[in-house]
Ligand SMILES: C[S@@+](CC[C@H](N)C(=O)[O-])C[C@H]1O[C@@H](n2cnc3c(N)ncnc32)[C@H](O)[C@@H]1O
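Before any questions on binding or motion, here is one chain by itself as structure tokens, the form predicted on its own.
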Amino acid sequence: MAAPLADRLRAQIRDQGPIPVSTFVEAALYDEHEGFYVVGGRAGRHGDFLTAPEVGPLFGAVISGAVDSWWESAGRPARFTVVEHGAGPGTLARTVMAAEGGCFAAGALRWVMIEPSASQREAHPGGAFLSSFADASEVEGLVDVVFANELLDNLPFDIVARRGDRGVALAIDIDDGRFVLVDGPPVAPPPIANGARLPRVDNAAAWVVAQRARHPSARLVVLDYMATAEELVTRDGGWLRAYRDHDRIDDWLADPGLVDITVDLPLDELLALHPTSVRLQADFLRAHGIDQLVDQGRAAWHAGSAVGDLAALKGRSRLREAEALLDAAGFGGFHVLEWEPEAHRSGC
């Protein structure tokens, strides 16, 4: 039986010296025996944190509208494949299908869920329009859209700091058995004040580059919480968070494998990859019909509130979901980055 993850990481540090932050985070989240997502950590009201799909079915209905618009732009092909990375238990797929958009109704939509965690794949819905895999290499055929909602923030990251005219990558050491941050190898000095720290998301950037190379004819859509380096510095490390059972955990180093570890993405690093569209998530949702869906919900509530029928209750729920999804201090303040297919970029 494998030793507890924390003990294995301590042994690695004793043998090899301080390890990169990204090595620690990768083990904490994805270790094959005890990683947080391997042993059952997940999004949802009965999980550890909420993402937009778990707020309610409205988010999926809006994404269904977005899929319809992308399908129309592609000329309404007979088959339209969307690959969702980091699909978790399949909540978004369920709500997109339930919305029964035009692409779905035409029988064109194929929704592929990529989720490395076996415990989460077990919850994936099945059906003619849905399939799921542990790894994207298993997907065959043309891919039209690569979609990732709150995936990049969970990819292993590093932390850099400025020390006078020098830069350092922080590392993780042990002190009296506790995991602690220490100065590691030198790096180019980041453009921040002396003593300040920033996340560095090389893995997130590499993921984007790899998807663009693997699927040059696909639209890549990334939704996540991001901020400029200037904004992140003002948060004084508040850009790194840990959660368990919906509670914020103060010490993200204390219990590797038992908590989710997530980071605000430095927007500057992703802008360097030249997305064709950058907007706030609230603007993205409005562009794809959330206001019209809310109006429908409001009308249903007004029409049936006196008797409290199911349609009225669903309409009222839609109003509440919209408030959360459009909240500038929450989901509405996330960023959506899109990379159009290469054919679109070249004007073909």
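Don't overthink the numbering: it's just position in the shown sequence, from 1. What you see is a predicted model, and the numbers here were worked out from it, not measured in a lab.
From this point on, the text means the form predicted together with the ligand, which you will not see here.
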{"item": "Sole residue of I159, V222, L265, L155 within 4.5 Å of the ligand in the predicted complex, by heavy atom", "value": "L155"}
{"item": "One residue of E269, D173, D255, E150 in contact with the ligand, assessed in the predicted complex (non-hydrogen atom, 4.5 angstroms)", "value": "E150"}
{"item": "Segment that reaches the ligand in the predicted complex - one of 269-277, 229-237, 179-187, 80-88, heavy atoms within 4.5 Å", "value": "80-88"}
{"item": "Non-hydrogen atom contact W301 with the ligand in the predicted complex at 4.5 angstroms", "value": "no"}
{"item": "Proximity of E115 to the ligand in the predicted complex, heavy atoms at 4.5 Å", "value": "yes"}
{"item": "Contact label in the predicted complex: Y37 to the ligand, heavy atom within 4.5 Å", "value": "yes"}
{"item": "Close approach of E54 to the ligand in the predicted complex, 4.5 Å, heavy atom", "value": "yes"}
